[in-house]
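So this first bit is one chain, no partners, the form predicted on its own, shown in structure tokens.
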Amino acid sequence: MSVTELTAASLDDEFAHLDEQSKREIRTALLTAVAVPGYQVPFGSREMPVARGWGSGGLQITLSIIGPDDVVKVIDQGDDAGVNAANLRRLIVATTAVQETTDAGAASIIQTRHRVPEQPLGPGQIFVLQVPVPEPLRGVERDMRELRRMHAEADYSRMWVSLYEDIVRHGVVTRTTGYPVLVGGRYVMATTPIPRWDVPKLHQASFLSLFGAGREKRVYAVPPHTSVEPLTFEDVAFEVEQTQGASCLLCEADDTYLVEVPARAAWICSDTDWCSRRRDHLGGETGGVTLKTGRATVGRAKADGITADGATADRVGTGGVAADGVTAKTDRATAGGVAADGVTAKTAGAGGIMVDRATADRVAADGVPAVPARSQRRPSVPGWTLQVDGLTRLFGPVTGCRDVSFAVAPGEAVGIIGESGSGKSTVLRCLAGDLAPTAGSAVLVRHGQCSQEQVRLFELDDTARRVLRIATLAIVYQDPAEGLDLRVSAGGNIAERLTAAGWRHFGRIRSRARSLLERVEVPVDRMDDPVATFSGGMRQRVQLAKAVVNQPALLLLDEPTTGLDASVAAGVLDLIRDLLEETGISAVVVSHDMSVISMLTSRVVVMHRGRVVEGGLTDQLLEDPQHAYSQRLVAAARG
């Protein structure tokens, strides 16, 4: 069958292309995607009858938006003649009868599965990317409901931790494709499978980018002139891939994305059309692209003296990124050229690509404070108080706690004692938001000079409660596995709480984590080990360091010295006591250990079968308990 016959058959019988209902579904989804940059929009469509690996998501988008006046360019990696590119282009042309081209400047629609063309795209052009893995958080979370929640609340602290851990292990962020970016200042988006070299081209670009994931049936978009910023720490700059001293074997370019040819021990341009044009027209003019000889220095308009679409040096912004997405080669040094202690190292990334980067355990702080800056520290005054009234939690016919009432003054620690099953931990879990109370109230009040701020803990929705637990309220669980990610390092667990609170300086995060781990007697040389390799006592100490890192207003401690040796427990108790005295943190302490209650608390309540049976000053109650149950507890503690 000839191409003409195939085209006629396809148009009459809808052979190998989308039906109109599917196209409408995809167009509607694309409108939403453009309106909400970076947001993954689900759509409904029948499966495309194409071979695996062709990228049905990108093909569905192209076939839904293409019109008779469009000109299409299809590339695989950067190659117009690759098997997938040729077959997809043949299918699109056969089913739509549009014109095709290899010239990125002449195309109205460019479909790819890897590269953004080296020739800059401009207004009126649409860039379509077929995406294998659209979810940027899939590496840190598998539950789809939790993924949706994280996006809805812009809760990306675990993504920051993954970058932190990468730097710790390798001295550099090793992701060469799919580097996470923040789109429009709101949604974290995966650029899979775009290489890091091309990520700067998306920032404030003048073209429309559409991303399609056929298997997941999701689309997302980056409209023109939208901010697309790679996630980077303040002192660890984003860098594109570079191969020191390498240049294209065919055109001698060293300002393009290069791929290795192992058999020749050489490198060639990934974008084959751009490479061909450079070879054929070096010093001339073709396809609206001006090519100039010479080599540009850092900060010039386009690397190696190439100016595209009239881009000149004065159009290039900070870091060599032009307003229309033209990028320039830069040789940025990490953190201003040196690590925090002045030591840099050559680190091999994926594919043997070398970058200048400080080694992980040296990116700490020459002159970086071990505690947060003054603006990040919670002042000791005004203080916070907690008032609990009538707290009741029932588990069917079983009483967890009933009618529990007590108050905690600013900087005061109140202890709760009782036997196992008396309701102590139930009270703490209700205050933390892990359990919904059956009745009662708990109000956290901040006392200012002229006003009061009240937070009704039991009336918060899930989102507000999670925000509260970033810096205002923290809990140390009896089982450390509940408060830690055992797959992540000790420093990474602390980094999660800091990044959630807005910290973006790798050196300060690392210094703060090191300082706290030292105070809770976790060996610094274990700082980068997964918590899963720690003993129970060490896990508890890491959990405590994580809980207090942001100096919360209210600290809930459930058996804080469980599993600790006596000497280590004493150090931990000293730390908690010092923090309470220095920062004005209020605390509720649950413990079976009377020595813990005696050392940390000024007042205590005694619980029995879910109810408070006695309360008063700690010293007084331990010396002269009045209730018979309290007397038995104290007598048992004294031996």
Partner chain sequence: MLDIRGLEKRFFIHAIGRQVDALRRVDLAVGPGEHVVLVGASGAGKSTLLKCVWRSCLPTAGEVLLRRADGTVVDLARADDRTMVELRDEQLGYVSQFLGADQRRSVHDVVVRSALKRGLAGDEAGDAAAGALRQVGLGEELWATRPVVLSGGEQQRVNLAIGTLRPPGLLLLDEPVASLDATNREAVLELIAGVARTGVSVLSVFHDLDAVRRLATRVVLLEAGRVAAEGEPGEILEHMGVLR
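Residue numbers count along the first chain shown, from 1. Just so it is clear, the model here is predicted, and its values are computed rather than measured. Between two forms, the rigid core is defined as the largest C-alpha subset superposing within 1.5 Å.
A second form of this protein, the form predicted together with its partner chain, is not displayed here; the remarks below concern that form.
Peer 1: So which of R27, R603, R611, H592 gets a non-hydrogen atom within 4.5 Å of its partner chain in the predicted bound form?
Peer 2: Exactly one listed residue reaches within 4.5 Å, namely R603.
Peer 1: In the predicted bound form, which of the listed residues (D485, D434, D529, E412) lies with a heavy atom within 4.5 Å of its partner chain?
Peer 2: Selected option: E412.
Peer 1: Please check if L573 has a heavy atom lying within 4.5 Å of any heavy atom of its partner chain in the predicted bound form.
Peer 2: Residue-level check for L573: yes, a contact with its partner chain.
Peer 1: Taking heavy atoms only, is K23 within 4.5 angstroms of its partner chain in the predicted bound form?
Peer 2: Close contact is absent here: in the predicted bound form, K23 is far from its partner chain, nothing within 4.5 Å, heavy atoms only.
Peer 1: Indicate whether its partner chain has at least one heavy atom within 4.5 Å of a heavy atom of L63 in the predicted bound form.
Peer 2: So L63 does not count as contacting its partner chain.
Peer 1: Decide whether I597 counts as a contact residue for its partner chain in the predicted bound form under a heavy atom distance cut-off of 4.5 Å.
Peer 2: Judged by the heavy-atom cut-off of 4.5 Å, I597 is well away from its partner chain in the predicted bound form.
Peer 1: Let me test this: is every residue among D19, S108 and P123 within 4.5 Å of its partner chain in the predicted bound form, going by heavy atom positions?
Peer 2: No, none of the three is in contact.
Peer 1: Could you run down 601-629 and flag each residue that has a heavy atom within 4.5 Å of its partner chain in the predicted bound form?
Peer 2: Contacting residues: S602, R603, G615, G616, L617, D619, Q620, E623, D624, Q626, H627, A628.
Peer 1: Fitting the rigid core first, would the Cα of L573 be found 2 Å or more away between this form and the one not shown?
Peer 2: Yes, its C-alpha moves 2 Å or more.
Peer 1: Indicate whether V596 shows a C-alpha shift of 2 Å or more between this form and the one not shown, with the rigid core used for the fit.
Peer 2: It does shift by 2 Å or more.
Peer 1: Aligned on the rigid core, do the two forms place the Cα of T28 2 Å or more apart, comparing between this form and the one not shown?
Peer 2: No, the C-alpha moves less than 2 Å.
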